[in-house]
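First, one chain by itself: the form predicted on its own, in structure tokens.
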Amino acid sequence: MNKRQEQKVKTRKLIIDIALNQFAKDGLVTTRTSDIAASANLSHGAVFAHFPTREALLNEVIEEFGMRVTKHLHELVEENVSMQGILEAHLKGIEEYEEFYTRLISEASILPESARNTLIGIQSAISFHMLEVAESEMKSSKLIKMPFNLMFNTWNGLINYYLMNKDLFAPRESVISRYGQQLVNHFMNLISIRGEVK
């Protein structure tokens, strides 16, 4: 890769990183590409040189977020991790980008369809890894047998409820940092066969 190509890759990565922070701070729907360009110390045209539309940039940022969140889950599943380990890894991935994720779930219904589809893809990847572990632990009688969609949606609903109500639960700090382990323990108590949760 020559220097020009390297610079292009670095600039694209910078735009994505800045956009992720800007979307988290100002909202996915209301943040303007000119705000992102200014924060990155780039011309407005430089953003469009890498991303032809604002929607393309938003999709790329959501995709990048998804890759960062699911990366650790991929590694853990290969290590034969427990359901509790998967839940903890999921929260750890979210915690790093908590503000962005909270914006994403709170604005999901008003995002462009392509952005919603990207979010669905991320949720599917997380669900896939949880399903593998859940099936194994249901089979070995560690977890209560239940439809997996209910298990996954209950877990997501629990996390999302706390994040969407941050002002009630953790107004000046991270919700995941403050309540994450409590949420994992509570959920494990809901889905575990009595006596399995420590």
Partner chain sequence: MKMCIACGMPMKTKDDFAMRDESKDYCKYCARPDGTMQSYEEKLEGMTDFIIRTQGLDEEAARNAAKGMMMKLPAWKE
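Residue numbers count along the first chain shown, from 1. What you see is a predicted model, and the numbers here were worked out from it, not measured in a lab.
There is also a form predicted in complex with its partner chain; it is not shown, and the following applies to it.
*Asks:* Counting only non-hydrogen atoms and a 4.5 angstroms cut-off, does F148 reach its partner chain in the model of the complex?
*Replies:* It does: once its partner chain is placed as it appears in the model of the complex, F148 has a heavy atom within 4.5 Å of it.
*Asks:* So, E132 and its partner chain: in the model of the complex, are they within 4.5 Å at any heavy atom pair?
*Replies:* Yes - in the model of the complex, heavy atoms of E132 and its partner chain come within 4.5 Å of each other.
*Asks:* Given that its partner chain is not shown alongside this chain, does E63 nevertheless sit within 4.5 Å of it in the model of the complex, heavy atom to heavy atom?
*Replies:* Yes, E63 lies within 4.5 Å of its partner chain in the model of the complex.
*Asks:* Does S127 reach its partner chain in the model of the complex if we count a contact as any heavy atom within 4.5 Å?
*Replies:* Although its partner chain is absent here, S127 would touch it in the model of the complex, with heavy atoms inside 4.5 Å.
*Asks:* Within 4.5 Å, heavy atoms only, one stretch in 157-165, 40-48, 132-140, 23-31 touches its partner chain in the model of the complex. Which?
*Replies:* Heavy-atom contact with the partner occurs in 132-140.
*Asks:* Does its partner chain, in the model of the complex, lie within 4.5 angstroms of each residue among E113, N117 and I120, using heavy atoms as the measure?
*Replies:* Yes: E113, N117 and I120 each sit within 4.5 Å of its partner chain in the model of the complex.
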